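Taking the form predicted on its own, here's one chain by itself in structure tokens.
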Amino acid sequence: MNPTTSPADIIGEFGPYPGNAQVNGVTYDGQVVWWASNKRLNAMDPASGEIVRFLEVPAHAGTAYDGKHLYQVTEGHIHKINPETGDILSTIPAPSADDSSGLAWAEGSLWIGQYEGRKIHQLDPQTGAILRTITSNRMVTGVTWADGDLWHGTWDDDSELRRIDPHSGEVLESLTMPEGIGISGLESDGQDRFFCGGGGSGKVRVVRRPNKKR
């Protein structure tokens, strides 16, 4: 089956931000968008793009939120973080020391991308054990779930947001980004928006999520 393909509808763009050249992981806690910038996690107002506060923690790749805590990938580990204080509460190993990319929380599990490995792993959040693996045919950056659908981003001259079958990895839908615009972190707001990290551009972009079709 050929996937449904359409241009991504970019409805907002924030940044670049002074002193934060890199946007890595992205997540949303229902009030603010958290995005990782190597040495800190930034809390951004999704309406204005203003950074309202930040946490000084290592933040080199994917970011997730489970409804209470933040999770951050950095240098082969995943830290569980108190979003109020920035305290690291626990740490589990990531599946790869240097190839982990996006991170998401869904169904009581963490979901982590492998960039060059072209995979998405479902992880036990207590131990880091791999529960299952989904294979992609492109390098995987950000990962998110939206209304039971699994999406991931890509990073290339022809980057896209892809809705994939969570069992087979088959691409079901593709939103193509403008040429030269890649996706690092990715998060759904649970409604009609995706928040997309722009990597070295230092930008966070907002893409409209298409109506769910079945």
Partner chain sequence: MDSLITAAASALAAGDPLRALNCVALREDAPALALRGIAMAQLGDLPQAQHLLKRAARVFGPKQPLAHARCVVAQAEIAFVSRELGWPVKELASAQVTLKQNGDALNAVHACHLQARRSLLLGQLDDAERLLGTVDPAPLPPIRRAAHEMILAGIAMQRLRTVPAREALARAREAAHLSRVPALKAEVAAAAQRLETPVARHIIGDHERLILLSDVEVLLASGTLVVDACRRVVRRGKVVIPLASRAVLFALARALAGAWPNDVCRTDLLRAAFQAKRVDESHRARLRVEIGRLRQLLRPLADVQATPQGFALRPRNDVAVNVLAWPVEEEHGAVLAFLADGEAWSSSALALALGISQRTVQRSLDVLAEEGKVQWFGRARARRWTASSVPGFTTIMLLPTLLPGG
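None of the values given here were measured: they were computed from a predicted structure. Numbering follows the first chain given and starts at 1.
Just so you know, the form predicted together with its partner chain exists too; it's not on screen, but the next bit is about it.
In summary, the region of this chain contacting its partner chain in the model of the complex, judged by heavy atoms within 4.5 Å and restricted to 111 to 119, 125 to 133, 81 to 89, 96 to 104, corresponds to 81 to 89. Not displayed here, its partner chain is approached by L55 to within 4.5 Å at the level of heavy atoms in the model of the complex.
When its partner chain is considered in the model of the complex, H69 lies well away from it, no heavy atom lying within 4.5 Å.
Interface membership of E50, defined by any non-hydrogen atom within 4.5 Å of its partner chain in the model of the complex, is confirmed. Contact check for G200: no non-hydrogen atom falls within 4.5 Å of its partner chain in the model of the complex. Contact with its partner chain in the model of the complex holds for all three of P18, K39 and H60, each having a heavy atom within 4.5 Å.
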